[in-house]
Ligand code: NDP
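Just the one chain here, the form predicted alone, laid out as C-alpha cells.
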Amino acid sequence: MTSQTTVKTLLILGASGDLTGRLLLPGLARLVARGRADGLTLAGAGSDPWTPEQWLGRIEESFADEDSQADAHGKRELKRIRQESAYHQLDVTAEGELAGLLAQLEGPVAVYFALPPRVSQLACEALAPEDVPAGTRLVMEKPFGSDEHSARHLNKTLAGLVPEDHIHRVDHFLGKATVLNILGLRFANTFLEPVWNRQHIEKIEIIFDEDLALEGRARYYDGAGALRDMIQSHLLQIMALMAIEPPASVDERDLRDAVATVLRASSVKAPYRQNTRRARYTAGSINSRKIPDYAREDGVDASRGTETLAEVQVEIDNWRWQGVPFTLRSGKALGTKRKEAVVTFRPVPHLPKGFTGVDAPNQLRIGFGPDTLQFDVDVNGPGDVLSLDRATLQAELSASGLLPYGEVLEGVLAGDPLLSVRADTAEDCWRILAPVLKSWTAGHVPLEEYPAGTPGPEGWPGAAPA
C-alpha cells in the first residue's frame, strides 16, 4: 500500500553532518522503501563544498540496506530520489541565501534544521515572513534552545515565519509506537489505572544509561552535557506521558494539552545538593574497549566541568502525584546499557502471618528500544506453598517497523504534529531545570567521578538495576 505526502520536498540543512548520514537518511530510506513517502524530492544544503558525487555517495551509503530489501515499488522510489536529489552549498545564516533556495524548490517544503541550536536560530532570523512560501514546515532538532530565554526567543522567531502547527520540534526518542504503548498500557487496563497514583505508587524512575562514550560528538556534547542532552528533552517527555491524566483522545491537541498540564506542575525542589547529582567518567573499559578519561577526549574543554551522568528528582505538584518522586537519570560510558521506566508500588499494608520468604514491592518495568514490559510480582514459591517467591511476567510491546527518525519524518511529511513538542512545553522543560543548571554552574553540587564501564559513582541510588 502506498501513500502520498503533503510535503513535496524535504530540504535537509546540515546535509554533510553526522546526524544526516547516520540517522536522517537511513530513516528516510525505510520510509520510502515501504511506500510511505511517494513522490517526495530530497534536497541537501550545507556549508561544506561538496560535489554532486559526494552527496550521491552519502545517499547511496545510507540507502544501501533498504535498497537490498525493498520490493519493486520501493526500489523505484529509492532510485528516483537518488537521481533527482541535489546538494546546495550555502551559508544558511547569510541574508537571502536560504530564502533563495526555498524559492527554487517545489513546495510545500519541509526544512529540517540538522544544525547546532545557535546556527538554527541565526538561520531563522535571516528569513523574513515573505521568504517562506505557504505550507512550509520548519523542523527543529533538540535541544530546542540552550535555556528558557533562548527557547522563548526561538519560539517567537519561528512564530513570525509559520503557524505553530507547521513547526515540528522533534524528539526521536519518543516514537509513535512508544507513545501509544505507554498510553495503551495505562488507559486500556482497568486493573492498572485505578492504582496509578500517590496512594499506590511509591516512586517512578526513568533511566537512560548508555554504554557508549563520546563517539566523536565532543563538539556538541561538551557544550551540552547529560542534563541538557537527555533529561531536559527526552526524559521529561516520558515522565509526562507516565503522569498525564486520561486524555479524551490520542489526537495531538488532547494529548499535548495533557502533557503541558503535567509539565506546568513539575519542578525540581531545593536543596539541589540533595535532589540532584552529576558526575563525569574517567578512564576505563567497556566490553574490552579502552575508554579515555572524558577530560582527555578529543575536543573536550575540561574546565567546563561538563557532566556525563546526571540525575534529578522531579516533583509533580498535583492531586495524583503529590509526594511521589520521579527520578530521571541519564549517563554515558556506563557498564550496563539500560533504557527503561520503573514503577515501584507501595508495599502491601499487611501480610498475613504464616507467609515466609521475600515480600518485595511490586515493580512494573517498561523497556524502550525495543519496547518491553516486565511485571514483578510475589507468588507462592514451589515446594513450600507458604514461602513467597518473585516471578516476572514479560511481554513484548508493539513495534513500529520504521526507524526512529523514519517515524519523525513520517509525521512531518504528513503534517501530523503528534510527536512534536509544542512551544509552551519546550519552554517549560527549560523552566523545570533552570534552577538546577544555575546551581551546578555555581558549583553548589559537586562533580563526582566514575570509571568508564562501571555503574556510576559509588553510593548513587539506581546505579545498577535492582
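Computed from a prediction, not measured in an experiment: that's the story for all the values here. From 1 onward, residues are counted along the sequence shown.
This protein has a second form, the form predicted together with this ligand, left out of what is shown; the following refers to that one.
**Q** Among the candidate residues 41, 439, 400, 47, which is the single one with a non-hydrogen atom no more than 4.5 Å from this ligand in the predicted complex?
**A** Contact residue from the list: 47.
**Q** This ligand isn't shown here, but in the predicted complex which of 331, 225, 175, 143 has a heavy atom within 4.5 Å of it?
**A** Flagged contact: 143.
**Q** When you measure heavy atoms, are 23, 90 and 405 every one within 4.5 angstroms of this ligand in the predicted complex?
**A** Contact check passed for all of 23, 90 and 405.
**Q** Counting only non-hydrogen atoms, which stretch in 296 to 304, 188 to 196, 157 to 165, 108 to 116 is within 4.5 Å of this ligand in the predicted complex?
**A** Stretch 108 to 116 is the one.
**Q** Can residue 453 be called a contact residue for this ligand in the predicted complex at 4.5 Å between heavy atoms?
**A** Answer no; every heavy atom of residue 453 is more than 4.5 Å from this ligand in the predicted complex.
**Q** Does residue 11 reach this ligand in the predicted complex if we count a contact as any heavy atom within 4.5 Å?
**A** So residue 11 does not count as contacting this ligand.
**Q** Counting only non-hydrogen atoms and a 4.5 angstroms cut-off, does residue 18 reach this ligand in the predicted complex?
**A** Because a heavy atom of residue 18 falls inside 4.5 Å of this ligand in the predicted complex, the answer is yes.
**Q** With the partner left out here, check for me: in the predicted complex, does some heavy atom of residue 219 sit within 4.5 Å of this ligand?
**A** Yes, residue 219 lies within 4.5 Å of this ligand in the predicted complex.
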